[in-house]
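The chain below stands alone, shown as structure tokens; this is the form predicted on its own.
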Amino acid sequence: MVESDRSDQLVTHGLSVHFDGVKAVDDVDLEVQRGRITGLIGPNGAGKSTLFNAVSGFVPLTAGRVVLGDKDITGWSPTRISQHGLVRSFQDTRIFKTLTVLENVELGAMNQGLNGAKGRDFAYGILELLNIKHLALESAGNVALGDERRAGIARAVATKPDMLLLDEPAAGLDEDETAELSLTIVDLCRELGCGVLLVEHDMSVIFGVCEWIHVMDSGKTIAVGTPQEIRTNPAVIEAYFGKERS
């Protein structure tokens, strides 16, 4: 993908996903800007994962549109979407554990037409950016959970995305690993110039790295704003903690 073809934003218009009458996502407008980290948060069952899957092509929309740059990608397959610059990580990483960490990242580089020595050099550069270059030749199935998550992100990053969707990257990590990962996410956004949509339950990550936060509850958007605005928003406080008793 050449620089002039890069997509500056990811937008959903009235996105809805219903399952057997259940409105998992209901008329959501979401915007992710390139060069900015946007958090997507909400209580359990809010619809975050369904929205994430819908945007990346893994579940069909009941209504609405998904637009990447100037392209309407509604109904596109996950493969086609990733080829046009929107890639994602998964909670279970989905890396190939019988391959080395380096080989996993090289697979991502191949999607950009980088093969052989060029692909390998590029993959090493991504591993260095993620601080796991020293694990390049290790079997991906033998590394610690935190490093496995970084390897999964590295493979996604190797596709040179315009929009990077991270699905709970800090899940299962300890406090030190989480802090290190938070710094890495900021570095990735800065170095790649991509937009980041971050779904995460750890609020220390969300409020530590996000410039903009989108909050859902019961399938709907209840608040959008800066971290400070979200911290003090009554609807957000109620969604997480319930109404105060008088």
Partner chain sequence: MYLQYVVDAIGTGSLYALMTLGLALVFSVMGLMNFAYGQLVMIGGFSIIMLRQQPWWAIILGTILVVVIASLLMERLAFRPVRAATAMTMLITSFALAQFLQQAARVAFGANPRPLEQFSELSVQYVVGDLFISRQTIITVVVAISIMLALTLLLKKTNIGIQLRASTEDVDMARLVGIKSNRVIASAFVISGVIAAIVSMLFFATRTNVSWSSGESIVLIAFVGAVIGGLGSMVGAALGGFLMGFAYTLLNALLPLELRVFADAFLYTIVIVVLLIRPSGLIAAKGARV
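Positions refer to the first chain, counted from 1. What you see is a predicted model; the values in this text were computed from it and never measured.
The form predicted together with the partner chain is left out here; the points below concern that form.
The stretch from 143 to 151, 115 to 123, 170 to 178, 67 to 75 that comes within 4.5 Å of the partner chain in the model of the complex, counting heavy atoms only, is 115 to 123. Contact annotation for L127: none of its heavy atoms lies within 4.5 Å of the partner chain in the model of the complex.
The closest non-hydrogen atom of D162 lies beyond 4.5 Å of the partner chain in the model of the complex.
Although the partner is absent here, N111 sits close enough that one of its heavy atoms falls within 4.5 Å of the partner chain in the model of the complex.
Within 4.5 Å of some heavy atom of the partner chain in the model of the complex lies at least one heavy atom of R94. Residue R155 is the sole member of 123 to 157 found to place a heavy atom within 4.5 Å of the partner chain in the model of the complex.
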